[in-house]
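Shown next as structure tokens: one chain only, the form predicted alone.
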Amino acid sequence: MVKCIISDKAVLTQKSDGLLFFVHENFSFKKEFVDVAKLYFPHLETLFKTNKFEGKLGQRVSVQGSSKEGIKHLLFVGLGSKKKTAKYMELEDFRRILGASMRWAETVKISSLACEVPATAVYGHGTEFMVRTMTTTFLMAEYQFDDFISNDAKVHKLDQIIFVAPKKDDKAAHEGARVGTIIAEAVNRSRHWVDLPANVITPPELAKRAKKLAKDHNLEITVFDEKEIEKLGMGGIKAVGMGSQHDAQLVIMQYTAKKKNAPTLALVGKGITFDSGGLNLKPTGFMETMKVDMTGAAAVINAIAALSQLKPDINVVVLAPLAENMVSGNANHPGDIIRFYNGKTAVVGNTDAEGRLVLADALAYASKHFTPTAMIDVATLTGAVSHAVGPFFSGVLTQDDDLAQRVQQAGETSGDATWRLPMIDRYKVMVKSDIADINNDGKSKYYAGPTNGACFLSHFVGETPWVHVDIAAAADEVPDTPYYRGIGATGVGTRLLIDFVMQWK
């Protein structure tokens, strides 16, 4: 992993073989870049004019310069106009610029890169936040799933990135780099687990990895196997896992804050390690990427590992129901009626609406045994959410305005952006059944697929304040986002959950 270093020495004095400059519109070449030209590239001003480089958002100019020290690769990136405050989109534009800069660094094969941390006035955030954001983004941009690629085909990677910040901000910058590294490690581990094929990551294997994380970070952990799940009356998890040769699992992890009487937040993540659709089999073109259906579980497990290092004054409990939704003589059928942990029943209208079945038991168990202040679940629940919000957002569904606001704020600061979708009582009729309490498929005449799923889950949270985040749209292959490379898992939900907990007051 690339090493992030903090320095108070000017960018031009750094020994790195790559220099990154952030440039605003209406910049003065004589004030800002004369020294760069003198040291490395005398015709820099002409290069800017030839390329019509004006510092507009996303504009880029790169050049190979030289000095008595040797070759220097220089990259100039436009940030657009200066803003006193920054909302999500401005920060996300900056993250994408950082991702594109990492792609450039790989292309020119440099080993180190130095850049200045934008001043507080630029984005309305302090040095700690900016260094945290830069560290997290650069380390996320470095990630590549190359476990099964021969060495000669692997992407060139940086050894170190140097962040230049004023000496007075040294403590804040180091803290930002520390926190950013913890977050990035959690996100990239989530991505790696999701990117691994389903013949490697099975429910028992994922539970095994959760146990190792718990041991490494001094977390309490309990894992219920399939026999215990059945004994507890968790009909949803049992039903989904019945068709697989791999036993279903329920992972429960706990972080206990040092502060007495601290509130408890429950994080619940869907962990379908592969989703064939069950007997309602998915067609070709829709099944091949279904190892991604465990993204929610990967997010909650890795989020609590990060939180154990960040040590918030909040108790955190994680529940990850794990199962593989497969086809066999033991698989559950459309029309089956199952009973959940809280005693409610549901008819299986569609075996491919399996995520809500496993989440139902986990939510009911969390609500009963941990009496959390609030619960949040993250799940690749519906393909329909992609049509509602596109690939850059996750859908938020709740009837609790305070929780919706908290999730939105966490999305803006973390980069895992969210968009609230409608959830009202009038929609809850869509999951009613004539032969059981509810139906997991719902009534198609109401459309609103993400709302359908949330209405089903609402039957299992009791009186606990709860918010559902449908992350299916942003879970993999997000386009136009250089720090994701445009391929593979994104680890969506991990950053969101960390900020959600850390910002809780």
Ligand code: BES
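This one's a predicted model, so the numbers in the text were calculated from it and none came from an experiment. Residues carry their position along the shown sequence, with the first being 1.
The next section is about a form of this same protein that is not shown, the form predicted in complex with this ligand.
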Go through T380, Q249, S190, T136 and name the one with a heavy atom inside 4.5 Å of this ligand in the model of the complex. T380
Quick check on this chain: which one of L44, L457, A472, V467 has a heavy atom within 4.5 Å of this ligand in the model of the complex? A472
Location of this ligand contact in the model of the complex, chosen stretch of 99-107, 419-427, 222-230, 267-275 [non-hydrogen atom, 4.5 Å]: 267-275
Quick one: is A353 in contact with this ligand in the model of the complex, heavy atoms, 4.5 Å cut-off? yes
Any chance D293 has a heavy atom within 4.5 Å of this ligand in the model of the complex? yes
Is A374 one of the residues lying within 4.5 Å of this ligand in the model of the complex, judged by heavy atom distances? no
With the cut-off set at 4.5 Å between non-hydrogen atoms, does R339 touch this ligand in the model of the complex? no
May I ask whether I5, R132 and E185 each come within 4.5 Å of this ligand in the model of the complex, counting any non-hydrogen atom? no
